[in-house]
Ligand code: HEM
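Just the one chain here, laid out as structure tokens, in the form predicted alone.
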């Protein structure tokens, strides 16, 4: 619907019998993680650096709440209030958009300023321009382990789409429940044994 690549999603994936928000931390990347932490997190699940960079391209759509990047635009350091790697006009716009984030936690900004509703490789093109919203985005173009792939995907959308599709297919079969260890839910938001 937003122009991204097509990839196969296997049918019949089983859901687990346990669903707790406390189990999320340590299993998904967080905006305050460094590149080494993100690479290690994905590596522990069997993903290499190239796949990790490709999956990060999902930031080409969607948004992030201001609290996730406020440290880059307010009181960055004693020497400078704003992260100097941010494009100054972009930083000014973010400061205006996020001025009330403390009292309104729903305030957010698009991950990809240029084409926020289109799945494309603009996310990667934005990074060297100082238009990466999260610090993890900025690090993608700086770290020697990820920079090559980020630049490659910035130049070639077809390569990004192919890599993203393969990584998503791999992600879709991660930790599959087998046999009695899971169920195919009749409603995705509740266990089958719950009567409504």
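Residue numbers count along the first chain shown, from 1. These numbers come from a predicted model, not from an experiment.
We do not show the form predicted together with this ligand, though everything after this point is about it.
Peer 1: Please tell me which of 141, 61, 154, 163 lies within 4.5 Å of this ligand in the model of the complex, judged by heavy atoms.
Peer 2: Looking at the other structure, the residue within range turns out to be 61.
Peer 1: Heavy atoms within 4.5 Å of this ligand in the model of the complex: which stretch among 155 to 163, 124 to 132, 141 to 149, 48 to 56?
Peer 2: Of the stretches listed, the one contacting the partner is 48 to 56.
Peer 1: Residue 43: heavy atom within 4.5 Å of this ligand in the model of the complex?
Peer 2: Close contact is absent here: in the model of the complex, residue 43 is far from this ligand, nothing within 4.5 Å, heavy atoms only.
Peer 1: Taking any heavy atom pair closer than or equal to 4.5 Å as contact, tell me whether residue 170 reaches this ligand in the model of the complex.
Peer 2: Close contact is absent here: in the model of the complex, residue 170 is far from this ligand, nothing within 4.5 Å, heavy atoms only.
Peer 1: Just give me the residues of 15 to 42, first to last, that have a heavy atom within 4.5 Å of this ligand in the model of the complex.
Peer 2: Counting only heavy atoms within 4.5 Å of this ligand in the model of the complex, the contacting residues of 15 to 42 are 29, 30, 31, 38, 42.
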